[in-house]
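Quick setup: one chain, the form predicted on its own, written in structure tokens, and binding and motion questions come after.
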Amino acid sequence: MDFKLKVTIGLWTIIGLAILLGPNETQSNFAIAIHGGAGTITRENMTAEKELAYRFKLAEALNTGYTILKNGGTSLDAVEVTIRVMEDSELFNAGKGAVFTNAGTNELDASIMDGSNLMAGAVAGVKTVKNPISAARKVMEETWHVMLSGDGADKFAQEQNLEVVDPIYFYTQRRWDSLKKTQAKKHGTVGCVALDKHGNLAAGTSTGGLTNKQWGRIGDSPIIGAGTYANNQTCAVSGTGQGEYFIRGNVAYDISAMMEYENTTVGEAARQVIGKLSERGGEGGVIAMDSNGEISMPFNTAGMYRGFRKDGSPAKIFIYKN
């Protein structure tokens, strides 16, 4: 066979495969980032043992999601399972470690979003679902709704065969003492953003809300566009902080909108949005990731539990501002 003909056939074979597989099937890079809450987190207030515990659990969560992505799993699976690791830990204000309301109950919120199709699901004020992030995903995949709340959300989770627990499961002495000691409003959330090998972004957020919250208060974590957002064309975002400010500023979507309409990078957009949050008097931070796996984790508090891991690189864990 003529050499030029061989080359031509080879090129057309490659082009044909590229068309057949599509751009999402050829991407090899992937990445994951997490946060475990922002606030008054300083070295002075942290014991060596406590810091080690946080670093270990953050690394465990990161590596769990990373393994899913490395094995070709979806960003949605990575986000859900990673957040479940943090929900099952007493260290974070989500799931097992959720704070108490003014009535002495635990009411949990969570949301998840698929950047490939803008589908999303959320639950708010659930009291018996062990892993609210999984309930949020069920809302997205098994109903035509976006958010379910209260007893209805708990009942739905049970019907979906998710693990439900007696409310006493969420009781931890540290959170109870915090309620009784200060009756001060404290915030904290866990979240995850991920990019998989197929080029799809996803984001998820889970929280126990504010210590001492009243009247069925719901923050930004279960609200798409405020505490969670994902769009393959721009970025995936999960926030943590004072939810009322995140809702008013539509923080998560604002980052995506700046990237889409002003052609800014994910880092520039995230920093500017947190800057606006500061100007309005709000505290908190975000983790944001674009479709290339670039990550930004700005915050305006003393610290934020956070970390990331990219394709072929070790996990990076951070707690303090510097």
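Predicted model only: the values in this text are computed from it and were never measured. Numbering starts at 1 and runs along the sequence shown.
Form predicted in complex with a small molecule: not shown, discussed below.
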One residue of Leu210, Met140, Ala157, Leu91 in contact with the small molecule, assessed in the model of the complex (non-hydrogen atom, 4.5 angstroms) = Leu210
key: Listed residue (Asn232, Gln242, Thr101, Ser134) with a non-hydrogen atom within 4.5 angstroms of the small molecule in the model of the complex   = Gln242
ask   = Based on heavy atom distances of at most 4.5 Å to the small molecule in the model of the complex, which listed stretch, 213-221, 163-171, 80-88, 196-204, is the contact stretch?
value = 213-221
task = Determine whether any heavy atom of Gly188 comes within 4.5 Å of a heavy atom of the small molecule in the model of the complex, and answer yes or no.
result = yes
